[in-house]
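In structure tokens, the next block holds one chain alone, the form predicted on its own.
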């Protein structure tokens, strides 16, 4: 499973990329606002850090304007994936942009039927939002499983990009189901390395090592 980083924080992206933990990046208007930077400038910098897809989101709501914005974003770098909302106009824009050879990430997916439509429209990625479904007492991980089954049944090439990842448990669950990609904030990716038994074991080893009175360097 590939790891995308859900942020526009260039320093965090660079750190994870150097560790091989950033196969791509996803951004959205909220993350651009948080960065405090110009969307074209920061997106261009991110594209220079990672080789994989960098999702940049349109803000228009009508198909023709989405297409125009998508083309401008795609011109930033070859690894841009134009991010479109899962609306009827978004699907229209998806069809046009993918036919022109652009990668498209269809976002804000909350149902298997929506994911089916995105695949039919030629989306490169579908982004089901796990955490936001959990917020309304639905199981977001179940949606990933449903989409996986549907896509496998019919051989759709659209890649499942599990989004709105809130916990390390989300990561393990979507990996077991077979999500192609997950995108998470840097802090969630870092937490994947944490376990209380690892900390306890290390503390014991260091205590015993101190008792030997030895040094390696």
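Positions refer to the first chain, counted from 1. Bear in mind the structure is a predicted one, so any value in this text is a computation, not a measurement.
The same protein has a further form, the form predicted together with SN-glycerol-3-phosphate (G3P), not shown here; the description that follows concerns it.
Annotated contacts: 129, 132 and 164 all touch SN-glycerol-3-phosphate (G3P) in the predicted bound form [non-hydrogen atom within 4.5 angstroms].
Residues with any non-hydrogen atom within 4.5 angstroms of SN-glycerol-3-phosphate (G3P) in the predicted bound form fall in just one of 25-33, 148-156, 168-176, 186-194: 25-33.
Residue 83 is the sole member of 68-86 found to place a heavy atom within 4.5 Å of SN-glycerol-3-phosphate (G3P) in the predicted bound form.
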